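Consider the single chain below, provided in structure tokens and representing the form predicted alone.
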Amino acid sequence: MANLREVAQYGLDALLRAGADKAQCVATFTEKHEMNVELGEFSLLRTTFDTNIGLTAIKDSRRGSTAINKSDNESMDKAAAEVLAIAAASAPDEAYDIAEAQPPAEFSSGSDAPDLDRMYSGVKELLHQVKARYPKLVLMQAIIDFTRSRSCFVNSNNVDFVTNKGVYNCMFMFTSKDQDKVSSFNYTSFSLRDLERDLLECGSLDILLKQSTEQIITRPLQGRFVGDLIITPDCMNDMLWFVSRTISDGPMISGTSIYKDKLGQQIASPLLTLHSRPVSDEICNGYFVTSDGYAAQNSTIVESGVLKTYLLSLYGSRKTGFDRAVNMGGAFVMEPGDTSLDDMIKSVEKGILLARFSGGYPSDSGDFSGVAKNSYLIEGGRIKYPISESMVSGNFAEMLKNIKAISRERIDYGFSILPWVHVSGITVSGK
């Protein structure tokens, strides 16, 4: 295989030879070992190799970029010429720039090679456990892979970063069936540094498999009410996506972000503290280098409800005048609360345990509406029964302010660590 740094350096030199004032090249080689199960049977074992070369150039305050999957000199020369042509046709913007010089560094995490025997035995043991524990469950698909990626980021300011990462990724889709009754399908995923634990104990898999068997028979909600939501960790990404998107380049540059003037101010309940920790040991599937060429650092996004940072790239920072973020977000770690999940449920007079949400993107102001799937009615402090699809609507920004409790328990997905969150003021509509 070609030398990674030599490939990246050739791509950078090709851009400069083509006329770039400033340039960067990212070369990434990926090797994936994948094992698939469909309907409880092994169906696929394969190894794939992927090459990705990302090229970016700035000339006369105009920027062009492209990506190719070939690393030979001829292909990179051709791609470099195309990047300069793209730049020449683009509108000039003085905010375009590349990362300044930083000390060269090499980052590593995870293993260099997969343990294929343990991958196989782990999946086989999972199938045995699921069959014994949940006989009505149908494991539609299970995918476990070990992905090893090697990446080199270089630019014309002498940035030189190499990243080596190995991680196991697991994804599951499932439903449950009893004669002619079938539960709504569900899914989950997580990443692992190693395969020391049973897969059934990882992430939220066992919780969701158990719930799937409970959801074979559901009941419709009657009427409409304003009540509480307990948002499960699996369902938390919708809220986190809203927060991270709203404080990122697009809405901040356009001025449509509702948080554009809220830095250092209270935007959420004091119960909420949210970190982005891409280089923390507690996150096995993070990242070490940002897309614009900086060594990533951990950060706190919201501390006791106060917005501490925007998630702006170098370009977003230069366009808005705010500081560049030290990372790209993601790798979310939410601090636990001091309330147990059981006590959280006991405190709900009427509401929903929201396990999966299906809806469109929220508006710029945070308004959302969608269907609660794989969810439960809570009434009088008790989980009553699984519900058939019901509408939930509200506003994400108000939800953040209306957090009533955060659970002590959290789920570690490898790429995030999240608790259950109890919010109020949500409209639920049944039949």
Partner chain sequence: MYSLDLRDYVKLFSGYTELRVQENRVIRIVFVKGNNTANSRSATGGISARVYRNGSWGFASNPEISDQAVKGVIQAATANAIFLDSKEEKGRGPLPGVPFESQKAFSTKKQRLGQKQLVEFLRELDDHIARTYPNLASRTVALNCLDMEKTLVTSDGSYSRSVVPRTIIGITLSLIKDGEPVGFGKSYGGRGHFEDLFTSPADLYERIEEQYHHLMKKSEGVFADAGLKTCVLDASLAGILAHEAIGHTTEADMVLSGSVAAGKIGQQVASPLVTLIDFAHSYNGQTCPVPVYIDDEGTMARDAVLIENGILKGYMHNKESARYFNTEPTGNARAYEFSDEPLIRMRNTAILPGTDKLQDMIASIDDGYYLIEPSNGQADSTSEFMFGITLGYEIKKGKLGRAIKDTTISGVAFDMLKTVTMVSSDMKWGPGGMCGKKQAIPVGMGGPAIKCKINIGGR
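Numbering follows the first chain given and starts at 1. Since this is a predicted model, take the numbers as computed values, not measurements.
There is another form of the same protein, the form predicted in complex with its partner chain; it is not shown, and what comes next is about it.
Checked against its partner chain in the predicted complex, the candidates 105, 101, 217, 89 yield a single residue with a heavy atom inside 4.5 Å, and that residue is 89. Site annotation in the predicted complex: the residue of 150, 319, 324, 193 reaching within 4.5 Å of its partner chain with a heavy atom is 319. Contact annotation: its partner chain lies within 4.5 Å of heavy atoms from the stretch 173 to 181 in the predicted complex, the single such stretch among 202 to 210, 269 to 277, 173 to 181, 293 to 301. By the criterion of a heavy atom within 4.5 Å, residue 379 is excluded from the residues contacting its partner chain in the predicted complex. Contact check for residue 59: no non-hydrogen atom falls within 4.5 Å of its partner chain in the predicted complex. In the predicted complex, its partner chain lies within 4.5 Å of some heavy atom of residue 359.
Of the heavy atoms in residue 256, some are within 4.5 Å of its partner chain in the predicted complex. If you check its partner chain in the predicted complex, you find no heavy atom from any of 243, 263 and 350 within 4.5 Å. Contacts of stretch 36 to 66 with its partner chain in the predicted complex, defined by any heavy atom lying within 4.5 Å, are made by 36, 39, 41, 42, 43, 44, 45, 46, 47, 48, 49, 50, 51, 63, 64, 65, 66, listed in sequence order.
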